[in-house]
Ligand code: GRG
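Given as structure tokens, the chain that follows is alone and in the form predicted on its own.
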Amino acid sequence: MTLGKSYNILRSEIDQLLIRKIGISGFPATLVEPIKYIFVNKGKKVRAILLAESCTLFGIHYTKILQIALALECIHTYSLIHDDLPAMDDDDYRRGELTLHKKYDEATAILVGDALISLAFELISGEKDLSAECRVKLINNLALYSGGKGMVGGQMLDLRLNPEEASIESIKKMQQMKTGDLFCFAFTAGPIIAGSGSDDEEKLFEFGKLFGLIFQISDDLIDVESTLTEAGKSVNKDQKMDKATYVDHYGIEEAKKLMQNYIKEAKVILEKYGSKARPLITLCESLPNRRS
């Protein structure tokens, strides 16, 4: 993969694959239409891009792993749908459009999320171009990284973490589980599919952890800059929701310095892969400048 137009092609192919899959799925129309609404032409599909770049390090073209990339994006999309629900973050809009429970209703949003979880594991188990051993490992990793020991567990910690009492260790653990673990799945998928061995898996797992930290700090900074005005006082969304964040703990300038330190560490990990790692390094370096 390369930057720019190639990523748009990947996003489009993932969308088209989803449309084909749910078209022959036997899902009721009342499920198919909201899935299309929330998924097709939505989001940057960052995790799929990272998975594709991870595979590129080992000479695997992105067209060979589209079902795995779609599976990962199904899990991420379900998590956003459930995050937006009134019992969680209670958001009416995402990316400038109505959230799923506002466009349809809460029951539909819950069931669409459930359907996407199941579809993700169906996609990986049905990828016949991969060995049974490889598919089992990918399924196991996705279950671990997205479940109670990973993303879901991190979301629970996020709901219960008191900003006034939270240590940086507790914030880091929560963010690693909630955000970083799906990145770790994306990065380790490349060496797993290539069968390159545990050393590469470990290196890319560590890179994934750092990428997740950098991504989350940049996310926190976006929230600080995208302020809401409430009773004449400027507050960001996470402050309004009483969330613990890196920026809240360190302050803006120290958080930015920390992010740059993590980027340096991430580059060192990728040195082994030479010029093949340039796209991943560029993506990593672009995080401090992202605005959404």
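Values in this document were obtained by computation on a predicted structure and should not be read as measured data. Counting begins at 1, following the sequence as shown.
Quick note: we don't show the form predicted in complex with this ligand, though the next part is all about it.
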property	result
Interface residue in the predicted bound form among Lys256, Lys64, Lys36, Lys44, criterion: non-hydrogen atom within 4.5 angstroms of this ligand	Lys44
Candidate from Ala143, Leu161, Val152, Ile110 lying within 4.5 Å of this ligand in the predicted bound form - any heavy atom	Val152
One stretch from 128-136, 71-79, 100-108, 194-202 that, in the predicted bound form, holds residues within 4.5 Å of this ligand by heavy atom	71-79
Site test, Lys172, Thr245 and Asp248 vs this ligand in the predicted bound form, non-hydrogen atom cutoff 4.5 Å	no
Touches this ligand in the predicted bound form: Ile168 (any heavy atom, 4.5 Å)	no
Proximity of Lys178 to this ligand in the predicted bound form, heavy atoms at 4.5 Å	yes
Thr188: touches this ligand in the predicted bound form, heavy atom cutoff 4.5 angstroms	no
Distance check, Asp219 to this ligand in the predicted bound form, heavy atom within 4.5 Å	yes
